[in-house]
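First, one chain by itself in structure tokens, the form predicted alone.
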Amino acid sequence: MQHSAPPSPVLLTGMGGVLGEGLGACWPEETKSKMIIAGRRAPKSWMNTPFTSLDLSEGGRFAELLQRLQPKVLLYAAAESRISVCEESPKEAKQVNLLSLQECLPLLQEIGTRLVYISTDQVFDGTQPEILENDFPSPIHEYGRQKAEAEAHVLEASQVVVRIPLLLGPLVEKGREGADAWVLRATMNQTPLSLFTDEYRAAASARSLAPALLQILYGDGTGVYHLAGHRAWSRWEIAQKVCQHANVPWIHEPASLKDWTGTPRPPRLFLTCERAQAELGFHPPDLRQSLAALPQQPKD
């Protein structure tokens, strides 16, 4: 894979959440200044990056923006990733997760835009010990189905899909926080959580994935990449490591997926990262490395 600075402009969507905070904190300011952020409001960690207003819930707006900017590279990280919201409001979620992208793919082809689409481990059912880049998606809930369908369109267009895991990162705003920040906030508020001992995730901090994602954005590869932690931990174990790292008391309770009656949850999602390791020199971070890369969490 060739690695050189991407042609300008580089357009980024979905930078207002945990992933965007991690990228904004780690990518060089010189690089960020040559990009454009599109979203509902300018993210705090991207304040020195040009910004343009975009609401992907409104059909047709994205195509107009792409036609005007003619970007050479597009990072599509915008998503409605809250599984409960996707179940309760599938039509609205689908507009962001799939339809806005699907509507614009012919235009991206026409203007020669390289597309990097951020997907998720949630496109799998969690029955495999590990998930390879060429494994076929097997979603079990609405969010996973929408993302899997979007992946199919992106790959058919010979573009790039990057699957990422459960993310660690600070509270960005209400409803947007990493798995670690969620646990710490509950701990500080003396609110015990019921945490699954049999639901496994290869969690990683967004900051630990940022350098490899920048390489993918700059590169010329197509197809699927995985960026994730080096092993799968249970949600119970992840929370324990988080509290130990933050030196806060343990107040939480064990739970089992066997007793879960809500939207189906994949029991084990471990994305292997062989391609990123071979092509990018990516080293999947262990949980301690990911936690060490994060800023100290403020207390409520």
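When you see a residue number, it is the position in the sequence shown, counting from 1. No experiment lies behind these values; they were computed from the predicted model shown.
One more form of this protein should be noted, the form predicted in complex with a small molecule, which is absent from this view; the next part is about it.
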In the model of the complex, does every one of 17, 41 and 78 come within 4.5 Å of the small molecule, counting any heavy atom? yes
Residue stretch of 215 to 223, 116 to 124, 130 to 138, 194 to 202 approaching the small molecule in the model of the complex, non-hydrogen atom distance within 4.5 Å: 116 to 124
Residue (of 56, 238, 269, 273) lying close to the small molecule in the model of the complex, criterion heavy atoms within 4.5 Å: 56
So the small molecule isn't shown here. In the model of the complex, which residue out of 86, 161, 183, 167 has a non-hydrogen atom within 4.5 Å of it? 167
Does at least one non-hydrogen atom of residue 94 fall within 4.5 angstroms of the small molecule in the model of the complex? no
I'd like to know if residue 176 sits close to the small molecule in the model of the complex, meaning any non-hydrogen atom pair within 4.5 angstroms. yes
Would residue 147 count as touching the small molecule in the model of the complex under a 4.5 Å heavy atom rule? yes
